[in-house]
Structure formats: structure tokens, C-alpha cells
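We've got the same protein chain twice here, in two forms, each standing alone as C-alpha cells: structure 1 and structure 2.
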Structure 1
Amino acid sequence: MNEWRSRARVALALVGAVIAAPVQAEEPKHGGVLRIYHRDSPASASILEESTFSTNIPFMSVYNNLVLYDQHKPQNSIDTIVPELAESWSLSDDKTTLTFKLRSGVKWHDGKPFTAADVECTFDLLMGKSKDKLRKNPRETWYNNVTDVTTNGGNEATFHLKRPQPSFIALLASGYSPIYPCHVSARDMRVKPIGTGPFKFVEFKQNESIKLARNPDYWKKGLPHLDGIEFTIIPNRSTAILAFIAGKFDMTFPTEVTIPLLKDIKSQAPDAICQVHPINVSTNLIVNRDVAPFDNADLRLAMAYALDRKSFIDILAEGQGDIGASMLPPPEGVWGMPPDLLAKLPGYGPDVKANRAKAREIMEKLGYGPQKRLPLKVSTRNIATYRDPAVILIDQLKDIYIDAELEPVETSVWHAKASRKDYIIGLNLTGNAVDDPDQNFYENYACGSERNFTGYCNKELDALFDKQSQETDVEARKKLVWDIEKKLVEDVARPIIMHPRQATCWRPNVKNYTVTVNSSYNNYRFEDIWLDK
């Protein structure tokens, strides 16, 4: 597997896809509207309620966080977290009380003052403690360790934790963790968000466009540089790429350019700056464990053995992708399992023929075979990044007596459908907003989590999630994480097919943009981007 990954890196260099984009040292120019195409129409503008960077990318610049990952450090880590609405923070000696000193003079876009009460309101909303309710709450499990948030005057907020959690501040730094205003309802935030960020919401026309305008009262003096940002919704990838090549857009939708499409850009718009990178979004198989016959663990295991992961990567991305478990593989991923350990897990061995033979043997013991095949539907979100691998999955399952047909589901209802477990099997993409086990394990695998689409529940693993979360020694924590990953694979909790690498492209006139290599959710504040026009 190390040899395969090395070949992938060589191929990456040969296509000339990686072009370094250092932070610009030139004097910024003010004005202009940044034009980006958008891959689909997000369900709402409420980042707290949605589970896709289709929402983060256009709306993250409306908001601020308490703290944020440095927007010009390519690899997110606790060491790259910087203050935002918080000026500073401190942790108590017993490591269970985290106190933030907040900025004075910050205003919401409607002119009302930002105070510590807004921090308390936001997290009461996320923890289900407020009268107002989120329609969906995909990140509720992020804050299971928080007993409450208290305030001391208007400029101090304190998080009280049940136990030490060294990576808690990493969750707060994600693009998924904006602060909401107390005085605006969760319902209104879906359609007309009010933030403290560098850009103000102007309009969102479903299936057409999203428009933002410069916040003239932004608390960071002199920012943003842009007059506005406009996203034009173009679901067809080829159409969108042609429009970028023709000069209608300054930037592609981040992380959405495939390797084949990248070749088109490089041949027809050679001045474009493009960077291929991991996106920390895994392509995976989800199985409704409560629906017969998939309540049978052996049948789920057979499907896991049927997966030819390298074929997915070769077909979809011409070798530009990584095989891994649920955490992003190294070197970009900090916590991913090493290839030598990964290869020992069920279905990860390099002999695909032997794996498929084992899968057919299991299926035959269950009564299936050439004369008795299993018909079903594979549900997936109706955009190319989901549909294309779903087609390959359907083809691979034929080898183990499963005949499947594709059921495409519109973006606006996909995550809700998966959360309700209104599917039999599905092809899903799971994005880790933070390259940290706490976010991944609690959100995607903990008993009762809204984002635990398969309904997997293992109380012993839940206890291990807590154990690794408290561990302060990095190497010791990695070993715990790898033990957890091994068990998740053995239990066929959510078989990971691949971790794709895709590209983001922008024109040379777009200055001061940095791609993040271990998350696709956290670097869209856009406050200091400028256009050299």
C-alpha cells in the first residue's frame, strides 16, 4: 500500500496539478465581487443545522466563531487556532473550566451589540436547553461533555466540562461552530442569517444564486477587502468548469474539481492556479442495520469484503486518493491508521479476488447464489460526487449476488432521509470538519448521534471514545484511536471506501487564498481575500 501511495504522489506531480499558492505579500486592493460557482442548492443558510460544505462555503463569511483556525495555515491543528470573537482564553487547573474573554464593540449585522449572552444562547441551542429549537442538530454530540455555559458580565463566557477534553477547543475552531445572535430565531437564521462576520447576507434564491455584501461595520478595521461575494448555482460539473474556463468565475467551488476535469482546466486555462489536496471527506457505504436481511452481521461483512477500493480511486480520480479507515490517512491526517495496520483489517488486504471469494462464501451460507440474487436500491445524494461512486458500488456488488439499482435523492432532503434511516443501503460522503477523533467518533459512531446514519451502537466503544478524548499524550492517544478504528472496521460500522483528493482552482487575480489540506469546512471566512483588478 505504501508503494501504491507513492505512485499516486508521482502521478500527481506528472499532471502538474499542485501549484503552490503562498500568502500574497502585495498591497491589497479594495473592491470587486468574488464570483464562485456553487455545486448545488443548500437546504438552508443555517450552518448549525446543516451537514455539508454546500452551506459552509457560502455562509461561513457571514459569521464569526469564538476562535478559528488560522485561515492561512494549510494544516489545521490546535497550534493554528487564533482568537476571533474571543480575545483570549484560559483553562482551569483541573482542566474542566474554559473561560473566554470576549471583544468589546462588536455588532451584529442589524446593529445590535454582541455580548456573552449570545455565546450562552448559541450553546444552549446546540445542547437542546433553550426554548428555541434547531430543526436539525447534527453536532449536538460535539457538546455532550459540556454541562453548561455561564456568563460573567457582557464580556466573559465560561464552558463547564464534565471531564478534561484537550481537543474541545478544536471543535470550537471549526467552521461548523459559529456564534448565533440571541435575538434572532433559529427559523429566521435558515433564510436570513444575521452574523458578526465580514460579509452580510443579501439574498438566497434556491437553485439560482447566493449573494453577500461587504459588512462596512466589521470589527476588524480595513476588512473585508471585497465588496461582495456571489455564488451561482450550477449543478452540472462540466457546465460549471466550462464557465470557469471562459472567465465567468474567479474561483471554482472549493474541493470540487476532479482530476479528469482538472486536465481540462490546465489545458484550456493554463494560467489558473490549482491545488490538489485531501478534503477529509470519506466515501463510504452505509447500511440500515435494522432492516432485514441487513440485520444479519454476516451479510454486512460480505459487502465489506466485496469492496475493491483501489478501483474506485483509479476510475474516479486516476489514482489520486487514499485508502484508509474513518480518520484521514497520513501524512495530511494526524490520526489516521498506518498502512501496515490497515492492510490487516477485513476487506483491506490487497488480494481482491480472495476477498470477493470470501464474500461469496458468506453469501452462499446465507442462501444466496447465482440462482438466488438479492435485489435492492442504493440510495445516494443526487450530485456527481455521490452518484459516480454509487454506480461503481452497484457494479461491484454484482460479484456477490446482489443486484442493486440507483436511487438518487435531492440534496435538500438527503441528510434528513439518512438520519431517519429511510434507506436500505446507501453510498454516502462523510466529512470530518475537524481532523480530530472526538469530532469523528462522537458525531458518526456514538450511540444515538443524529449523524450516526447506520444506527451502529457499541457501549464499550463509547467508553473508549471518552478514554481517548481525555488522553493528553499524542502517541498513546493514537494507539487508542487505531484500536477503535480496527473495531469499527470489524463491526462493519460504516465501511470506508476511499478518501478522495480533489482540486480547487482560482484565477491569478484572486489573492491571499489558502487551501486547507485536512478539512474542507474551515477556511471560508474570505475576509482578507482581494482581487487584483
Structure 2
Amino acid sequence: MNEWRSRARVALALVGAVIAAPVQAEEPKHGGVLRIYHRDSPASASILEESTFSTNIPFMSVYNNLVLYDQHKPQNSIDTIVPELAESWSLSDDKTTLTFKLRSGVKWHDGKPFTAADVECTFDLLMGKSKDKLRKNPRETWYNNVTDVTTNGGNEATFHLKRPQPSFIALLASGYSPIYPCHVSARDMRVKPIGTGPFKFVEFKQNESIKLARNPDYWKKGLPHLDGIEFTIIPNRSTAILAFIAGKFDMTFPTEVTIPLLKDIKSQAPDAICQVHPINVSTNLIVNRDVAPFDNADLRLAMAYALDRKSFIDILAEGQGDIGASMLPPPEGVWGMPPDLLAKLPGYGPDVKANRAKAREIMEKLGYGPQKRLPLKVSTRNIATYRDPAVILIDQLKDIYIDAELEPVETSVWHAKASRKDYIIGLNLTGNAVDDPDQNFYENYACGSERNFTGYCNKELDALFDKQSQETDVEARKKLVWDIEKKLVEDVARPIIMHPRQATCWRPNVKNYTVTVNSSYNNYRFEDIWLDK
């Protein structure tokens, strides 16, 4: 308990320091190309079709949103949303009609004017209403509550909602919600995207590089400061870090520096500015509750009690991680449960020995013991960030009479395997693009959601999801959210192991970049970053 408090305090101090950091008083300089390494080759340039920040980071600056999280406020929340292509917005009295007044004089990179029709096209595409189809549409659930989007002249677009959803605008402010042009096909957007953003797409060579150049006609006068941005794709992490240390790059791939690598950077390149922050990607377990042995609720509970979360964090991130339920824990997270409530949940108590004893007790009741151990397989992707926690999990389960074996699965097969539920336990990572309960609950826990891998379905909780979603009072909504969290944990829906922290580093000559502490998906517009050369 004490330790949690102190860690929370340290974290709070960190946020405080960031918020208090003086806004750059220096006069921005123009020119220069920002060089960043990229961790892998993104599947395409079409942000709407992908669900990894491997696409958002290099391509977000090609586009604009209607609204966006303030790029210089570390914590994303409803209060930090600022206008972008929309000059202003208003909500009708019944809270179901959201109207955006659009900026005029904005041009697409190919010279065509931006109008309200483009907004309509974009959301028709996302809701599957248009003739042209997205090849993949991972965030269709975000728009479940939208009946349609209409226009009124060239400068006004209106979203009609089925029911009030105060945080709907939070989804629109994410890096995942760029506006696409009507006149470019979905296929072309994957290969050669056209946006209204501060940078124009130049080229994307698979496994090699991504190049963007300054958009001279950007609607924000005087921006961007940079002449361009170049991403060099270096999948090997040690090579990438060495290259950053050697000065080949101005910035690491955001969120990609692990704690041990951070030490290396600090000792080798002491002038680099590094910031450790939560990435809002949780390490969790998917449990197949349809087949033996985990169709048994008691066994699920035993596993929940067996998890030593602190040990995971200490081993995997040298203590740089947070224990929480599915929402990112405070202070960085807006909606996470406070530590004292959290500690009361099964398996979250600080006394690991007592928890394990309880787990063994349940196991013994179920007929297991030192002589009769339960064999099972832990499936996960054959990638270090998935494999490593799985190895620790297997080791921890040994304590409660479970002999688990690791089944590493090729990335190409993992998804198919997970969606046909061909696993007993799977170790999984889940990224939350927006620190908002709507996004998390509807995507990962609601009945019938396509990203709800486990097929977990609880009608009672579904009703609660809707209830919290309509609650306008933040404190009241938090209470509802914590209630949901508690039920999810008790039901062992998807045990959350940890919320890891990682670091982003940049050279001192990179100015005006602000790290977001509760999302890894939203702060890459890069329009007012500048280089002090």
C-alpha cells in the first residue's frame, strides 16, 4: 500500500513537472528535416484501416481531424480538445445532435478544396455506408451510436446520435479519426495518401523509409516549421538505439524505448532528453471460458489470485509500470480506479503469499495438488514483448499446481487462432487509443464487438456500459466505471497484468514536442515542432 502511494506520488510529481515545464519561449526556427527511426514497416498509410501506432506516428501529420487533443497538454481529456478543421462545435439540447462549423479555404494536398462533403464521405466510409469500402474497418464500433452524418452547405457537418454520448467527441479527437477526401479512393489512401495536414506524403518504401515534406499551403499560416520528416525503418531495437546514440536520428520512435535501453541511452548520450511515460497498452490475459478447464469460474479465480503483478513489473520494466484494472491507473489515467479500491479486488492485494495460499486452497478444492498438477498451454505471439511476460506467467502458475507450457504462435497465425478461440490462455497486449471508458469497454468487453477476442458477453454489464456512456457528470461517471471494472475483475473477464511504461527520447535541438501520458496514438501532428540547428 505504502509503496503504491509513494509510486503514485512520484508519478504525480512527474506529470506535474511536465505540465509545469515552461512553454518554449524561444523564437521557433524554420527548416530542417526531422529524422526519426521507425520500429517496423506499417501495413499501409491509411490510418482509418490500421490499428497500430506504427501507422499513426508517421502518417498522422498528413491529415487533419475535425477536432484534436491539444498537442501540448500531456494528459488527453475532454477538456483538452481543440478545434482543427472544425472552427467550433455545438450540441443540441437533447444532446443527440453534434454540429461542426467548418473552416473555409482549406485545400487538400492535390489542390482541391476541402468541404463538408468530405466529412460526410469519411464517416460514411467508416460506417460502411459508402460505395467505396475500406479493406479493414477496425473501429466500426466507435460509430455504433451514430445514425448518420449530414451536411448543411459546404461549411457545416452534423452528427446525429441515437442517444446522448458526451465522450463521442473524444473519439473524434483521436489520431485515429482523420478526415479523408471524397475524391481519393480507399485503395489510393493506403498507398499514396492525400490529406489537408501540415506535411505531404512523398514516398513509402516498405521496410526502408517513409518521407514527408512540408505542405507549403498549410492552412495554419507559418506552419509547419520543419521542411520535412524522415522515418528510417529499423526493426532491430538494439541497432536502432545504437543509431540514435550515434546521432543518426533526432528522435527515437515515440514510446519505443524500454527501461533497460533507456539506461543505455542515458549513459551513452547524456544530452538526450528522455521521458518515461505510460503507453496505455495493457498486458493482459485472454481466457477461453468456453472450454475446460477455464469454463470453471473457481479455476479462473484461482488464476486471478496467482498473479504477482509487482513481480511482472519489476522483471519486465524494472519497476516502471503500473498495477491497474483495464482503464489506465491515475494520475496519468483519467478513469482508473484509485489504489485503495483496487487493492480490494481478488488478486490485487499486496500480500502475494496470502493470495497464492488462497489460490492453492481453491485448486485443492477442485482436486488439484502437488501430486495432481494441471497441465495447460499458454499461447502467445512469437514476439519478445508477448513472450517474455508469458514466460513469467508460466513460472508463477507453477506455484498453484499448474504446469503450463509456452506455445509461441507466428504473428500471421495468431489472429486466426485467437478468433476461432483455439487457445486455453493467451497472453495479449491491448492498446487504448483514447483514454475513455467508451472506447475501452465497447471495443474489448461488449457483446458482439469484433475486437472482443474472448467473446466475453455479459448483458448486465452491457447495460452498465450504456449507462456510464450517457452520464455527463464526470465524478458520477467515474463511480460507474469503477463499478464496471470491479465486476470485470471479479468475473476474470480479461485479467490485466500491468500497464507498462516506456520512454521517448529526443536530441536537445528538437523543440516543442510534448509527450502524451495517457495515449500513444494521438500526438503526432508535428506541425509546430522545430529544430534548433
Partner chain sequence: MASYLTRRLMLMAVTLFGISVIIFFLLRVVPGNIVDILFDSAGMVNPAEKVKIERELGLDKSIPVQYLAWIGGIAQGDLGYSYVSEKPAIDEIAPRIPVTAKLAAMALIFSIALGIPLGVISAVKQNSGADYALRVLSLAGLSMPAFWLGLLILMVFVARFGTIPIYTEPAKNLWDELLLYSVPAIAVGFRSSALIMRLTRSSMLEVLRQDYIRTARAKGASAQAVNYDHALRNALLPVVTIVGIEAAFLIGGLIVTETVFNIPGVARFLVEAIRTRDYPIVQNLVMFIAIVVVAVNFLVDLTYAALDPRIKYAE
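Superpose the two forms; the largest set of C-alphas matching within 1.5 Å is the rigid core. The structure presented is a predicted model; accordingly, all values stated were derived computationally and were not measured. Start at 1 and count along the sequence of structure 1; that gives the residue numbers used here.
Handout entry: Structure, 1 versus 2, that is the form predicted together with its partner chain
Key = The chain shown second - structure 2 - is the form that fits the description.
Handout entry: Rigid core fit then Thr258 CA moved by 2 Å or more between structure 1 and structure 2
Key = No: Thr258 shifts by under 2 Å between structure 1 and structure 2.
Practice task
Look at Arg501 and decide if its Cα position differs by 2 Å or more between structure 1 and structure 2 after superposing on the rigid core.
Solution key: No: Arg501 shifts by under 2 Å between structure 1 and structure 2.
Practice task
Answer yes if the CA of Asn76 moves 2 Å or more between structure 1 and structure 2 after aligning the rigid core, and no otherwise.
Solution key: The answer is no; the displacement is under 2 Å.
Handout entry: between structure 1 and structure 2, how far the Cα of Ile362 shifts once the core is aligned, in Å
Key = Its alpha carbon moves by 8.1 Å.
Problem - Shift in Å of the C-alpha at Asp388 between structure 1 and structure 2 after core superposition - result: For Asp388, the C-alpha ends up 3.7 Å from its position in the other form.
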